[in-house]
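As structure tokens, one chain now follows by itself in the form predicted on its own.
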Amino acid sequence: MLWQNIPILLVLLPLGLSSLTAVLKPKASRALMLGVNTVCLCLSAIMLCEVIINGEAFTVKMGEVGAPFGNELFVSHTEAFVAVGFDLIMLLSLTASGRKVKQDVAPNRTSLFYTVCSLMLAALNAITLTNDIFSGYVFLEISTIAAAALIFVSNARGTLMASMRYMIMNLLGSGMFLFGLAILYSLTGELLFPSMKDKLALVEAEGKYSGALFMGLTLITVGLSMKSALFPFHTWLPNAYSLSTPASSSILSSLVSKAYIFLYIKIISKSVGLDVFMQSGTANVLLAYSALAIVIGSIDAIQQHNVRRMISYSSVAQIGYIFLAISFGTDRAMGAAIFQIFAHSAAKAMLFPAVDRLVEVSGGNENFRDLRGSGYRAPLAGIAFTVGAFSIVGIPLLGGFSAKVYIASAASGIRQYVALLALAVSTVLNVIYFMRTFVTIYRKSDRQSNELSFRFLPGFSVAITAFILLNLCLGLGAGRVMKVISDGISLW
């Protein structure tokens, strides 16, 4: 069927047009990037509808080369849903912060910025849809280089050092991932996820190479943990997120790190196998570090006086939630992890442009004490911050609340007690630092309102309104969203 070629287009369209984006003038480059992103969103939405209607997954072979060297794209309900979510959040992030790109990025770098965004979109779609571990690694590297460029492209001081730290940590993670991949390939002779899973099950049953299997899985886990900023590998994150342009911060925090985690979920579910994952002992280590990430990330956020850094540190805790669910090692837990990916992405991608607007109407000051009354001077940004913060805290009717419920209910035995304790402590800490900001932006100040503060910003207003609705939909329609994710996982 013609629509089954959509996965190829989702990768090749932004990848092929990225070179054209580089040679165009900034305004044309932006228009082309947004156009490609819109087309990808529409195509992924069509793909999701067709997969749901047919109730079956399908595979697209890239060329005629057979296994183990052949590359494949696999689409189930889950992959299609993730593709729609990533494409939508990318589009809304660029739309909400498009005007800031003109201010924060030098004119001679603007086309480069949109070229990098196009490459990032191609990499995200490829990571989402790939059915072989080596292609996942290739596009992992493309996204890493693109992410470093998104940080460096800003005019802010310190971005060069932030991008260098990002590259160093991420290249270390990439190296570990590649070594782990090589070990698994040496054990199985396979690169495709399903074939590798069958061979690893035999390796585990024989017990001959259990040490090598554990080492390979550990290297992959540590490598992707470094790239996605799981504690204690999160030191590069605050500067990378807080110094970037609002659009870059939204993309980095809501999409890039989440794509790495989604690839990890696919590897342990479709390639390694959940039984092998649990028997290896990796899950127990992941449980401990994710619980620490949830608590320590929240404590670090409380200690910040800069609102951007506070939001950046909160991502450490939210990433801990995702890995906590993964450590439970069941299909239900994987579904909860994927739901948390989207609940956090929808909230965090909205928080960065909202906070940037609040800072803008406060004279460009990022300290909490200077934000007093900014919620009145920029009403829509204040509402967006409130919705995003409440979602992360876990207020009912929003996506973050549903995600926490799914994570807690997916645990069993001692893991359930660890999960409930970590979630309870983190929720209290989240309330402390987000409520402090909420109270501050709505506290009366002597600053006079002015025309600049209340001017209508079309792109920002439309995108932020869409973000608010998306967060509400994830909360009110959590059951349906979870069913789509679970149906896809059952086809893995």
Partner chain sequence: MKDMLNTLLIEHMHETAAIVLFCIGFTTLLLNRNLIKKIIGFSMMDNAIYLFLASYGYIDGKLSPIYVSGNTDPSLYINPLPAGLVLTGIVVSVSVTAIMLALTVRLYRRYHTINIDEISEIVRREGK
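Predicted model only: the values in this text are computed from it and were never measured. Numbering follows the first chain given and starts at 1.
The same protein also has a form predicted together with the partner chain, omitted here; what follows describes it.
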Inset, instruction - Just give me the single entry in 281, 232, 194, 158 that has a non-hydrogen atom within 4.5 angstroms of the partner chain in the model of the complex. - result: 158
Legend entry - Contact assignment for the partner chain in the model of the complex, among 288, 138, 420, 405, heavy atom within 4.5 Å: 138
Inset, instruction - Decide if the three candidate residues 48, 57 and 83 all line the partner chain in the model of the complex, where lining means a heavy atom within 4.5 Å. - result: no
Legend entry - One stretch from 185 to 193, 297 to 305, 319 to 327, 88 to 96 that, in the model of the complex, holds residues within 4.5 Å of the partner chain by heavy atom: 185 to 193
Legend entry - 4.5 angstroms heavy atom contact with the partner chain in the model of the complex for residue 109: yes
Inset, instruction - Would you please decide whether residue 359 lies within 4.5 angstroms of the partner chain in the model of the complex, comparing each non-hydrogen atom pair? - result: no
Inset, instruction - Would you please decide whether residue 175 lies within 4.5 angstroms of the partner chain in the model of the complex, comparing each non-hydrogen atom pair? - result: yes
Inset, instruction - Mark residue 309 yes when one of its heavy atoms lies within 4.5 Å of a heavy atom of the partner chain in the model of the complex, and no otherwise. - result: no
